[in-house]
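Only one chain is included here, represented as structure tokens and corresponding to the form predicted on its own.
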Amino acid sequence: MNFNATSGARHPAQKGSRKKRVSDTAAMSAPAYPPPYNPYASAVPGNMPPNMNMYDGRYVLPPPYTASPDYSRIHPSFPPADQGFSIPSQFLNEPLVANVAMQYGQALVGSGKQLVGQELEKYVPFSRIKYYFAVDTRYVTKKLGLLFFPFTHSDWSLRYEQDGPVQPRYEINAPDLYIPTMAYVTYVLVAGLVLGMQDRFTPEVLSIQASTALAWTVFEIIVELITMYITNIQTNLKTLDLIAYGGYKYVGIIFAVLLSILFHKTGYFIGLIYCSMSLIFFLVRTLKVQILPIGTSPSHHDPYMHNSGNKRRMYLLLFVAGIQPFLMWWLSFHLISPPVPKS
């Protein structure tokens, strides 16, 4: 064991000083904190290249997606997260907003209907068709009397307004589509009744009668339009006018067929002849005002063209009126029962 006797002499002890303890020395040095917690440390691959920080973003995997925290628990003043979807309903419940939305919706629907109506008006003139159905009971009664007794009528002029002819309910001489339509439907029903009384009725009879009558009506109108186009005749007649005048023949057909039920063929031919004559007289007097306008003075430059035009108009008038008896007979003669042979 070595002993140094001069140790105490070289470093004499000073009065009033105290010896430093190990704990005091440790307290004066820098504190040793643990490294910061890295939640992604376990995700860093082991084979990290040298001179590469472990916090480099290329070697840190993204954290898993989690639900967003509910801030209403942390800050009670925040509304819950699911209350945001009720804001639109609360906004629409305001009276001013509801009225504006309703007015906008009505305006949008109105503009859409107007656009659709304009597109349909190009192909089907609904506004013009309404004119032909503007009738009442008084007009229908007087019109039927005029069809059966046209010889007693004297004033065949047609009154006009600023934008067109007067509606049929106010003008008995105006054409309508109500009577022709109802007469067409009644003709089909009466044909089924007569055939049923003769034990010739089948479910297909009504459709055959309706399609046959409609086809002949369409054929008649097409022939009249082609004739007017070829002869280059300018009149006030429209296509719906021709349909209306051509549909009045079903009134006479119904009357003749009903007479055949009581008086067989004799009653049928008596009714057919009388209705044909009355319809011809009615059409000639009615169409004369529109096809042969009154007050046309002869042309001083070319009187031949004027006379030729009047002749063509007269031929058209006679053709439209003269074809009706033939169509009345063609559409009704097969409904008359043959005479019963005497035993």
Partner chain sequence: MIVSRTTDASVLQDTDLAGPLVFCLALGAFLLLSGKVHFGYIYAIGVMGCLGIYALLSLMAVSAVTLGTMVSVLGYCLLPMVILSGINVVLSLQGLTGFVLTGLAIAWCSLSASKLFVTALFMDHQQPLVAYPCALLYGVFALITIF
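Values in this document were obtained by computation on a predicted structure and should not be read as measured data. Numbering follows the first chain given and starts at 1.
One more form of this protein, predicted together with the partner chain, exists but is not displayed; see below.
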| property | result |
| --- | --- |
| Option touching the partner chain, based on a heavy atom within 4.5 Å in the predicted bound form, out of H264, K143, R169, H153 | R169 |
| Position in contact with the partner chain when the complex is considered in the predicted bound form, options F133, Y104, F149, F219, heavy atoms within 4.5 Å | F133 |
| Interface stretch in the predicted bound form with the partner chain - options 241-249, 224-232, 183-191, 269-277, non-hydrogen atom within 4.5 Å | 183-191 |
| Contact label in the predicted bound form: G112 to the partner chain, heavy atom within 4.5 Å | no |
| F255: touches the partner chain in the predicted bound form, heavy atom cutoff 4.5 angstroms | no |
| Heavy atom of G196 within 4.5 Å of the partner chain in the predicted bound form | yes |
| Non-hydrogen atom contact E204 with the partner chain in the predicted bound form at 4.5 angstroms | yes |
| Contact check for I129, T137 and Y178 against the partner chain in the predicted bound form, heavy atom at 4.5 Å | yes |
